[in-house]
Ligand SMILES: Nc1ncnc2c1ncn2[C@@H]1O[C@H](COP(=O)(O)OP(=O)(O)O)[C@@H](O)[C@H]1O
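So this first bit is one chain, no partners, the form predicted alone, shown in structure tokens.
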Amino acid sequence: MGNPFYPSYGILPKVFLGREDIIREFLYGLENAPGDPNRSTAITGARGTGKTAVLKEIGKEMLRLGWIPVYVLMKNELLDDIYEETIHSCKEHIKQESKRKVTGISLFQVSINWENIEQEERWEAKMHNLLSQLTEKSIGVVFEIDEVQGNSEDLRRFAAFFQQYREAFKIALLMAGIPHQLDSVFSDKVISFLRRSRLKQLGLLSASESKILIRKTFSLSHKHITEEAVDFIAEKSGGFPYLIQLLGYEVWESAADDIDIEQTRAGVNKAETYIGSSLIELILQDLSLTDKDFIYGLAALRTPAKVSDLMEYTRFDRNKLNQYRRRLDREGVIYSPERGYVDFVIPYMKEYLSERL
């Protein structure tokens, strides 16, 4: 009977909608032969578009096919995290050898001296042992690496291992990251084979998908919401998955059992106070100084803004403006609603940046 919306990082929402094609194609790759290109897939999109949720949903679905998800958040100790998480996720199916040996036995008293064997075994050998046991039992492992980024020696070693054994073992790879970080991975010459991974770009949900998601999520609780209120939340969210969760959460918290449009407006107004810190600031951290010059210039103009007006305001020449326009479009920050115009993708971003100007 609690709040059915989850505007928290990495939490799978109660109602999952709009990414069915991505899930279906990856699961098809698991059922198909090891050479299926879907067995190495990268999911990208702006922050808040639900990349982690897609990983979690695929992880839930793959279990019925006999595959086990091994989810890790990319950090400095990536190899250790992958190994430990594989043991944890597959502990029912693997046999771990003891790392202790007997060093002495006393005949006069019952005592045994044990010594830990601290053997510096290479990561590749340890993973080979684990995956051999699992493959013998026809159990597959999908390595899910979230917040992936380039220039990592651990990622290079993992990628080389995956490339070498992807046919011998029942394994697959699912990565997620923001666009420029994935670009840095794909441009790494040492792991260039990852460029052949299937790249899936997460965009916004359609208006109809947003309304269905909002309506279904509210239906999981005891509170009833009017269609007018559902339409209002969908419009204000702009189809942004994180914003649907945030706005829905605050509306549910602020309203009585029967939610009308006035209660919905109040809840949305409260949610708007958190959007800057919980979403927009995170996006700004990923941008370069010149990226920010571009978007602050866009925020200062009436949007959608003419490209010529933006050139004049930012004092960028055409080549520079087009370069950063393409970059920010790929990052999911701006788009072109029509030829010669640009606008923000993310709701509330223009207002937030305008206030900071």
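Position 1 is the first residue in the sequence shown; the rest follow in order. Because the structure is a prediction, the values reported are computed rather than measured.
One more form of this protein exists, namely the form predicted together with this ligand; it is left out here, but the text below deals with it.
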| query | finding |
| --- | --- |
| In the predicted complex, the one of 233, 141, 213, 174 near this ligand [non-hydrogen atom within 4.5 angstroms] | 213 |
| Residue 47, heavy atom within 4.5 angstroms of this ligand in the predicted complex | yes |
| Partner proximity in the predicted complex: residue 242 to this ligand, non-hydrogen atom cutoff 4.5 Å | yes |
| Residue contact check: residue 53 to this ligand in the predicted complex, 4.5 Å heavy atom | yes |
| Non-hydrogen atom contact residue 16 with this ligand in the predicted complex at 4.5 angstroms | yes |
| Listed range touching this ligand, judged in the predicted complex by heavy atoms within 4.5 Å, from 192-200, 234-242, 79-87, 155-163 | 234-242 |
